[in-house]
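Read the single chain below, which is given as structure tokens and is the form predicted on its own.
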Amino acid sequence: MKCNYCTGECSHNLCMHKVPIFSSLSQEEMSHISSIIKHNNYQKGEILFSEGDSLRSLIIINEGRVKGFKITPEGREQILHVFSEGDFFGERNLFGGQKSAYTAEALETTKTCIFTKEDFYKILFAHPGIAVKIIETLEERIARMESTMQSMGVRSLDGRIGGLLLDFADKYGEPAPEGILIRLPLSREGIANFLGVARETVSRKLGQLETEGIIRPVGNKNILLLDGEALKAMSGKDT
């Protein structure tokens, strides 16, 4: 892990430009705040923090992807979140004094921006609109987690896989001539850990979707979504 502070040389690539919670700030305000940002770099597989840690900072992903996970009583990894550019974490301790509820691990080379608790409080007092944006973002995150937990007990496996691929398409998809190219943030094993099933089950279901002409693998890390409507029908989401 490499740490450094932001200077004028990196002001053109500030995290604030990529994070919705800072959208109410002017360019001048963003430049002023840049002087208090610390940067950390992580390689794939490095741990940003562990479950039970007391974080005294807000961490924002500038580049890369991070998984948030817990280890179940059976010793299995259960992925709860996949964070990417513009996402943040550390708010539990920042606002409520609670310890981290999960472990965060870099899925690829990742660059983060960090605000200490004291500095971030100063920003909130000066710009209350940021607090509103944080609340809205956390509400969306809680809603996604509740949907995931409910689907694990209610929706069929086909529905859960379909719903997850649609979520990935929405966040990581790019228009392509034949459909939507999804740059998967997780490996097959990671998807299995997210859904709480065996890796072989995920591979079998993805193979079935390929046979049915709904998706097509593109290399090891991408999927081309060919029939979004069929995937929505399978997932049970509204068309």
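Not measured: the values here are computed from a predicted model. Each residue number is its position in the shown sequence, starting from 1.
The form predicted in complex with the DNA exists for this protein as well; it is not shown, and the discussion that follows is about that form.
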Q: Would you check, heavy atoms only and a 4.5 Å threshold, whether Lys205 touches the DNA in the predicted complex?
A: yes
Q.
Can you tell me whether Glu189 touches the DNA? I mean in the predicted complex, with a 4.5 angstroms heavy atom cut-off.
A. yes
Q) Are any of the heavy atoms in Val197 no more than 4.5 Å from a heavy atom of the DNA in the predicted complex? A) yes
Q.
Residue-level question: is Ala126 within 4.5 Å of the DNA in the predicted complex, judged on heavy atoms?
A. no
Q.
Among the candidate stretches 189-197, 25-33, 47-55, 64-72, which one is within 4.5 Å of the DNA in the predicted complex when only heavy atoms are counted?
A. 189-197
**Q.** Candidate spot Asn41, Leu80 and Thr103, all three touching the DNA in the predicted complex (heavy atom, 4.5 Å)
**A.** no
Q) Does any residue in 122-138 get within 4.5 Å of the DNA in the predicted complex, counting heavy atoms only, and if so which ones? A) none
